[in-house]
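Given as structure tokens, the chain that follows is alone and in the form predicted on its own.
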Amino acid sequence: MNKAALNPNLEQLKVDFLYHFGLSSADDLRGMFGDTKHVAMMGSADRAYTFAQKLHDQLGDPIQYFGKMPELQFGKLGKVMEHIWNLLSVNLGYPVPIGKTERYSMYKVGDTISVSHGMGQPSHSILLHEVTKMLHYAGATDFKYYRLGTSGGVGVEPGTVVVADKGLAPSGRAEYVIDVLGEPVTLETDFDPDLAQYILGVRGNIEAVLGSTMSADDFYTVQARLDGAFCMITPEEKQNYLQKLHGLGTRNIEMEAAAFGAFCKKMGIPAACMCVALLNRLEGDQVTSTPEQLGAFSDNPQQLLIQYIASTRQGQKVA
């Protein structure tokens, strides 16, 4: 991380409350997260849990839990039982979330954080700010960020993982625009090219391609779908738009990559975005795959990241 990009106002805070995690800079963040090297982010809490479980089962990484036994006082029996249950779960090899879970669910397995970010760029942006501050207070170094998710493919077959070279706005431009004091500020959205190539180099039997990822602040209208509650375009206009995006190098559409790329580039954090296509949007809007197929598709980006993490530990030289 580029320390020069870090907000200097943080130095004036006696305690920084990481509200959405239920943690603060007064906690032992160094002991909890100081060894973090990988932060895997995905939309749903279920996926974050599943990925944490796979890290433990496939790489043998230990599941970590930092809860403390509450004082045995009247009215706290429920908290005591919850703590005991969490300890039992960890000992049996099941991940337990750290901190609050109202907005995000975060797990620590070995040197990796697996955390949900919700749906859309605003939700993901909040997480990015707080997890980055958390790692700063923890003294973590040389860590990388990854987003794992699902998407609509643009000219790629279902099951294909798109490793993004950059995030695109719906205009097709490689930019993410935020408002600062009511004025628009444009940020660059390029992902780390060396990291992307390294990940592609360890893909093995997983179908994966390099391409741009368009991000929309909406699932239906902004993504040029014809199946929303209302529709403002014709089928011909939809097809022309998607063909235009494809011609610009776009290979999938989702709802977080541009903001993710912009944040990581500004903060100097190496990052990769790996989203599997659930369908080819050039052929339709509805996801028609079976639950079994969708489960296999969703597993692809997770397995790709696990293969990458394993390869870095083995010191493999990847072409």
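Residue indices: 1-based, along the sequence shown. None of the values given here were measured: they were computed from a predicted structure.
One more form of this protein should be noted, the form predicted in complex with another copy of the chain, which is absent from this view; the next part is about it.
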Notebook entry, point to check: With the partner left out of view, is Ala271 within 4.5 angstroms of another copy of the chain in the predicted complex by any non-hydrogen atom?
Noted result: no
Notebook entry, point to check: Do Ala310 and another copy of the chain come within 4.5 Å of each other in the predicted complex, heavy atoms counted?
Noted result: no
Note to self: Although the partner isn't part of this model, could you tell me whether Asp16 comes within 4.5 Å of another copy of the chain in the predicted complex, counting any heavy atom of the residue?
What the structure shows: yes
Note to self: So in the predicted complex, is another copy of the chain close enough to Met232 to count as touching (4.5 Å, heavy atoms)?
What the structure shows: yes
Note to self: Please tell me which of Glu292, Asp28, Asp57, Asp46 lies within 4.5 Å of another copy of the chain in the predicted complex, judged by heavy atoms.
What the structure shows: Asp46
Next item on the list: Choose from 90-98, 220-228, 106-114, 199-207 the stretch whose residues reach within 4.5 Å of another copy of the chain in the predicted complex, heavy atoms counted.
Entry: 220-228
Check: Any chance all of Tyr65, Met81 and Ala296 sit within 4.5 Å of another copy of the chain in the predicted complex, going by non-hydrogen atoms?
Finding: no
Check: Taking another copy of the chain in the predicted complex, which residues of 259-278 have any heavy atom within 4.5 Å of it?
Finding: Phe263, Lys266, Met267, Leu278
